[in-house]
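Just the one chain here, laid out as structure tokens, in the form predicted on its own.
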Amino acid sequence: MREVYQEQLGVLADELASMSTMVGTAMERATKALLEADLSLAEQVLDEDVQVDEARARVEEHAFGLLALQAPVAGDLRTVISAIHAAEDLERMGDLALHVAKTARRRHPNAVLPQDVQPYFAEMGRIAVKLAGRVRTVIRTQDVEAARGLEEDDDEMDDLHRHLFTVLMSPEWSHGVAAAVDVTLLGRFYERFADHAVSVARRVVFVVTGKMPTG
């Protein structure tokens, strides 16, 4: 019975890792759609978002089943509860990629971003995809130090987000209010994507150590 139970916990981890891959791919495609005004890529992100939603539903179904049938305690209980919260964070990451893709679609065939801010979003997209990949790794390895290392990538994202506001508030900004609104919202989407990735990593630390990181 214990072996079967551990296999079931492993299924939860596999599902979360798969979700990490999905949302990383979604943000990679959404960023490309944003930078290149690629409507087909934006539509692909929209069409595939349902897969992330379905994956979250599977995680919750399995987790609640374990709670009901196995009555886990201590470390196993932390694992199951953390899986439910992590699935929520990962679904939200998928939603944020969806928001980026919707913005690209809404402005098509026009480019959303003025050229002078495109490098910021190219870099923010790179960091977001990197974070999703690192989340997948820490879910599979339960590596506490690697999980804590996501904070550094999140700091990079925060720095870029702050620099965007410097550009927007500059007297040299000449792209109007609509572009400023788009840039502000998009910057927030990437920042929140990173925040949710860190939240998942903190759940891994909690599972392994029994203590939720703060900060």
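Everything numeric in this text was worked out from a predicted model, so none of it was measured. Numbers follow the displayed sequence, beginning with 1.
Keep in mind that the form predicted together with a further copy of the same chain is not shown, yet the notes after this line are about it.
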(request) Work out which of 146, 57, 180, 39 lies within 4.5 Å of a further copy of the same chain in the predicted bound form, going by heavy atoms. (result) 180
(request) Could you check which residue among 113, 84, 98, 129 gets a heavy atom within 4.5 Å of a further copy of the same chain in the predicted bound form? (result) 84
(message) Given that a further copy of the same chain is not shown alongside this chain, does residue 190 nevertheless sit within 4.5 Å of it in the predicted bound form, heavy atom to heavy atom?
(response) no
(message) My question is simply whether residue 202 lines the interface with a further copy of the same chain in the predicted bound form - judged by any non-hydrogen atom within 4.5 Å.
(response) no
(message) With a cut-off of 4.5 Å between heavy atoms, is residue 51 one of the residues that contacts a further copy of the same chain in the predicted bound form?
(response) no
(request) Decide whether residue 122 counts as a contact residue for a further copy of the same chain in the predicted bound form under a heavy atom distance cut-off of 4.5 Å. (result) no
(request) Among 24 to 32, 40 to 48, 63 to 71, 150 to 158, mark the stretch whose residues have heavy atoms within 4.5 Å of a further copy of the same chain in the predicted bound form. (result) 63 to 71
(request) Note that a further copy of the same chain is not shown here; using its position in the predicted bound form, name the residues of 141 to 180 with a heavy atom within 4.5 Å of it, in sequence order. (result) 165, 168, 169, 173, 176, 177, 178, 180
